[in-house]
Structure formats: structure tokens, C-alpha cells
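Taking the form predicted alone, here's one chain by itself in C-alpha cells.
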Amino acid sequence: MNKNQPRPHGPAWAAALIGVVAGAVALGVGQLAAGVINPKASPVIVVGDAAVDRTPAAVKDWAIRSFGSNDKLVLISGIVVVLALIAAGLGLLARRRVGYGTTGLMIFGVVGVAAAISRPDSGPFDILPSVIGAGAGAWALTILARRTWPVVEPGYEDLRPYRSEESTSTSPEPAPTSPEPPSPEPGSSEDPAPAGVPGTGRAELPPVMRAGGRLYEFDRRGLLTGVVVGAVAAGATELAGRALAGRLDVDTERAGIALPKPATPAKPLPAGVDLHIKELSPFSTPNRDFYRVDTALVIPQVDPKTWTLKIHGMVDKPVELTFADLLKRPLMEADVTLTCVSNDVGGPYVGNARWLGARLADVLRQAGLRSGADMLLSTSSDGFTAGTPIDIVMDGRDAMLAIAMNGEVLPQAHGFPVRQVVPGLYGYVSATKWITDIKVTRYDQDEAYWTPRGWAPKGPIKTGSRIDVPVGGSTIPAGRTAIAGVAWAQHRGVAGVEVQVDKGPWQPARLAEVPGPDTWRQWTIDWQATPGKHTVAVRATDAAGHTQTEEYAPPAPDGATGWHSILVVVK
């Protein structure tokens, strides 16, 4: 069927259905091509990454607050739903002209190409999954349209459409009697025309859809078989693409890594570091519970055997390290609390772990920092960049290239094989996961990922505190109870925590022990709870003498401020 041939009017649901199936074929074939070429070039992923890059900071902050670590799943699901709706619309267009629908699919292929090209880590072949997927979808739409509305009576293309009342009447008026048509002359190519069609001498066809001088019928069986085959093809190619994308078994590589003993082990945790209060955040956050906030829609699969870290820019001698090189260096352990700048007052995006890695300052000294350099522009394997102040890294704190977390090889979701950890800085300027490149540069010459999106170029962590017990909005029994939580002021340390009930006087809390100034600190206070509704607030003071301000400020552009308060009901 000519794709420019006008399509018949037919059931809207059938047209929408073939559009959705054609779109699914496009995504499945695109995923398969990405599995062969580059898993990160999947059309849904490149479009999703482009959407993340272009989303205003306020919207991203809202998404993180609303959906937490599920924000990426929500984004991908939303993209798929939107694409399904658009595909349904293209199916509706295709019942007019197939060319309208196929053109729409090719336009979305162009969108995928543009998104792939815009990625900072894109390769020369990353456009192919979008191109191949769009082509497969256009082909599938054409085939499905042919099966759904096949042309009937191909010998009568020249037959003009009946008026609707003529073609749909169930009891047509008898045709006037006409003389028998003359027999064709011997050797004539003209076929004898059957009687019955007014004015033509041809038999009337069944009441079928007519458009553009051709006759079509709606074939439910053709639609059903076409949709089933298309859906199976879409699912099979999607699964094959995912299997190819996961052919690098990073979990197997992780399991085969033996962690060396640190040359500088962390000191044993002091007695009393954990108050062991039910529902209070433990001093060391288990890896499975540690927060994850990053821009990667799909966790990068980085092979430690081929991983390298390049250190270049304003250095005397560029350095390139392999993972084996890193394991041979003298390693250090340190307990460090990380905090995301997106963490709102009382939020969950803060956690503490024991990290093992190579001291970053030593690696930079090996490269030789040149005078005037003030920023490390670190790059992740997925293209994310962070700008870290050099003076912070070089001032003696435990900044490192981490390879392990809480005694086990770094989990994939937290940056395997190597990530950056810098105490005292929010993660968006320091905690680059899946790190592959460090450029020694200047803030007036380069910008990191979040800076042009409205966030501050430097991100020192602000003093903060949170109430964990009792849970806000809960109902508790009257009597003696514990109010407890955590406070942090990385690289300064927490000097004191105070609690206020119903705007009464501030009462000092009892503090747990800590191994140093780079971790959070548990705190607690005993409270004689009386029946009624009560408001509880907390504030912390750091070792530099700074006390949290009551004035609330949102996370953007450089971290939230304000007192965390909760409402509880006592019965």
C-alpha cells in the first residue's frame, strides 16, 4: 500500500492500538540496538537524561523531596507513558494517511538523535539506536495499518465512492432494469462488468470503508494477529537489548576483588558512639539504607579491569591510574558523613559510613598542582561533573578516592569501582560516583554540572540536626519518653544540641561519642510527656560556635536552613 494513500476512517481504538504497538516496537528495537552499541544510548535513557539536564533546579528539588530515590523510576515511567500517548495519537493520524504516522515516528527518532548528541559522554554511534528504533516503528505501523484495513476488490480502484446513504442502506431501492450489456468484441481487454451498480452495470460491493477512490474493510482478525506479533516482537527485542546491556557482569567483578588492608586504618569507634535507641538512626548507615541521589537514570556498569582515572589540566605531570594502581597505593580508612544539598530540613539524605580509599591529596601531589589552580573538575562515567575547591582537599582532611564502604567493595549504586569522598562538602560539589577524570582548573574557567543550573559553585555543609524519635505525627503514651536524633557539622564537629518543647526553654541534650569532626552525632533527652498535642524542635551548635538559625531557607542554591520541628500527640 502506498504510504501516501489516504487511509479510511475506522474505529479510533484500533488506530490508537496499532500506534501504541508500533511505538513499543520502536522502543524495543532501539533498546536492542543500544544493547549492541552502547547501553546508555537507549532512546528512553538519552531522552530521560536530556530531560534531567534541562529540568529547572526547583523541579528537581521537588522531585527528590516527593519521590526520594524513586525519582528516576518515576521519570522513566512518565516518559514511557507520554511516549505511549503520543504513539496512540500517531496511530490515529495513520488511519487518515499512513505517512502522517510514520513521519511522526521519524520526528521522534530525530528527537532521540538530538538527545544522544547532547550527552557529554556520547560516542559517534550513539545516534543509531534512535534511528534504527524509529525506522522499525515506522515499518511496524505501516504493516499493522495494512493488516487492519486491507484493500478489497483491487479491480475496482476506479470506482467512485458511494454516498453514505447509498453505501450503508440495508434495503436499497431496486436498481432500474437496463438492457443486457453487449458482449465484448473478440480479443477485447475489457472485462465484462457485472450488473447491479447503478449507472455502471457492475455488481454492488459490500458496505465497506471507502476513501480516496479505494475500498477498505476493517479486519479485526488482521488487527489482532498483527498486534500480538508486534507486541511479542517489542517484548523480545526489549529483553534481548537488556540482556546485551547487562553482558558485563559487574557483580561478578566486584565479588572477585580482595580489599587490601589499609596502611592507615581508622581508629576503633569509641564506646558510646551509638545510643541504641529504637528507631534512632544508627551511627553507621548500612549500605542498603544509604541514600542515593545522582543524575544517572541507569546505574553505570564500569569494568574495574578497564577503568582508568586521568588527572590533567593545570598540573606538571598528568597522571593516569588503573584500578590495580589504586589498590597498590597506601590506603586509608575514615568515618565520614555525606549530605546531599537537596536535603531539606529534617530530611533523609544524610548518612554515615566507613570509607576505604587512596588519599586524594597524595595523588594530586604526584601530578604536581600549578599555581593559580583552585578547582578540581571531576567527571563521572555518565558525564556528570562536580567542582571541588582544591584548598579543601589539600588542608589535611580525609578526602579520598574511595573503593570500599563499610568494609565491603563499593556497591554499584554508590560508585563502583571508585568514587570521590570529601568531608565537609555537599555531594554535588565533591562526591562524584563512577569517577573517571579529574581536571585541575579554575572556577573562572570551568563550570560543573549544577552551577549553571542555579546552584552555588562551592557547597560547604551547613550545621544541621534532625529529630528521629518520636516520629512526627505519631501518637505516644504519656510518661517518660526519649526524644532523640542526629546532628552534623562536617569538618567542624557538633559541640551541642538543644531541644525545645512547646516553645518553652531550650534544654541541652546528651550527646553520643564520635570518632572525629567528620561524622554526625547522636543526641537524646528525656521528656516527661503529658497528654495533649506538643511541638518539639531541635537546633545544633557546631565547634566553631555557630548555632542553627530558625529562619527557613530551601535547599537551593546552597543548602537548607531552619529548625526541624515535629508535632506529636500524647495520650
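Nothing here was measured: the structure is a model prediction, and the numbers come from that model. Residues carry their position along the shown sequence, with the first being 1.
What comes next is about the form predicted in complex with a small molecule, which is not displayed.
Screening 433-441, 82-90, 257-265, 137-145 for residues having heavy atoms within 4.5 Å of the small molecule in the model of the complex returns a single hit, 433-441. Among heavy atoms of Y428, some come within 4.5 Å of the small molecule in the model of the complex.
Using a 4.5 angstroms threshold between heavy atoms, S281 stays clear of the small molecule in the model of the complex. Though the partner is left out of this view, T102 does not reach within 4.5 Å of the small molecule in the model of the complex, counting heavy atoms only.
Interface residue remark: T295 is counted as part of the site for the small molecule in the model of the complex, having a heavy atom within 4.5 Å. Checking A402, L338, A94, L376 for any heavy atom within 4.5 Å of the small molecule in the model of the complex turns up a single hit: L338. Contact with the small molecule in the model of the complex, judged by any heavy atom within 4.5 Å, is made by just one of S380, T388, S465, T237: S380.
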